[in-house]
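Single chain ahead, written as structure tokens, the form predicted alone.
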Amino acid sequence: MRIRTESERRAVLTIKSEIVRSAGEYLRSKGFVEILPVLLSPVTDPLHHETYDGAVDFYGVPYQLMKSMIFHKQIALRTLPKIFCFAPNVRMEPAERASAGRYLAEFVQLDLEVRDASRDDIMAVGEGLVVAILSAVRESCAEELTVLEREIAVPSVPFERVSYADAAARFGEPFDDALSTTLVGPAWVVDFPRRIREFYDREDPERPEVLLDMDLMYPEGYGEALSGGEREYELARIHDRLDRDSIPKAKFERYLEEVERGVPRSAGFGIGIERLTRYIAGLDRIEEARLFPKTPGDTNAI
């Protein structure tokens, strides 16, 4: 739906507040500890698609606005075994992406990471989290859902799994929208090829060029919900990935120094709060999921 009234906007923001509250409550009940977000750093997620770096002169040293806290999550696991964070992200993507209705230049991601976890472990966390949030919103926000004329179903677990190869063979690449429109509930896409993902996604030792990662897809054409998987944590393997992907190591010097000191094996994911709000509220466009939205290419935002 398209938001046209203040009562509808209030309903959306109330639902968003319940998403944040219930997510934190669920994760704490599972032993997670909340950490505070990092906003500036000499290293951030390189991403595997075009973005403009938000560069900041930090006392004469170039720092960046955070695109995601992936590296900081790994390092934080030295201290805490299970962490989560509501992390603001700035991703200034090409202006033409705004037409898709699901990209924001500024958004919040619920990031979590678990020490010594496998992909299956973290997928189970994701399923439990999504079910808990949907259940909480349906119970606590019945009035708001009525205002938005939206009914939500709480899916059963485990969610369906689809391999990247099977989805690509069926729909071509990219397939997110086409696959999402066929789903009746959330579903996982697993086993992405190395060529389309970042160097920190762990390559399966038994299947070269296949990554131990996953995306969760919403039904009804709402596209990607979350992205994550197992992480590379061994310095030699990370150097090898950087070499194979032709990525300059100097750009990640501080991160490589931390890996040399030691980071634990881990798995985790990030789930966009605005995308989740858009799905639950049944919104046409993602900018309707937050106050003061900034979409790619928009220079008139406040």
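All values reported here derive from a predicted model rather than from experimental measurement. Numbering starts at 1 and follows the sequence shown.
Keep in mind that the form predicted in complex with a small molecule is not shown, yet the notes after this line are about it.
Heavy atoms within 4.5 Å of the small molecule in the predicted bound form are found in one stretch of 51-59, 232-240, 64-72, 273-281, which is 64-72. Taking a 4.5 Å heavy atom cutoff to the small molecule in the predicted bound form, the contact residue among Arg194, Arg91, Arg119, Lys82 is Arg91.
A heavy atom within 4.5 Å of the small molecule in the predicted bound form is found for one listed residue only; from Leu47, Val33, Val38, Ile247, this is Leu47. Taking non-hydrogen atoms only, Tyr218 never approaches the small molecule to within 4.5 angstroms in the predicted bound form. Under a 4.5 angstroms non-hydrogen atom cutoff, the small molecule in the predicted bound form lacks Ser180 among its neighbouring residues. Contact annotation: Tyr164 falls outside 4.5 Å of the small molecule in the predicted bound form, judged by heavy atom distances. Taking non-hydrogen atoms only, Tyr200 approaches the small molecule to within 4.5 angstroms in the predicted bound form.
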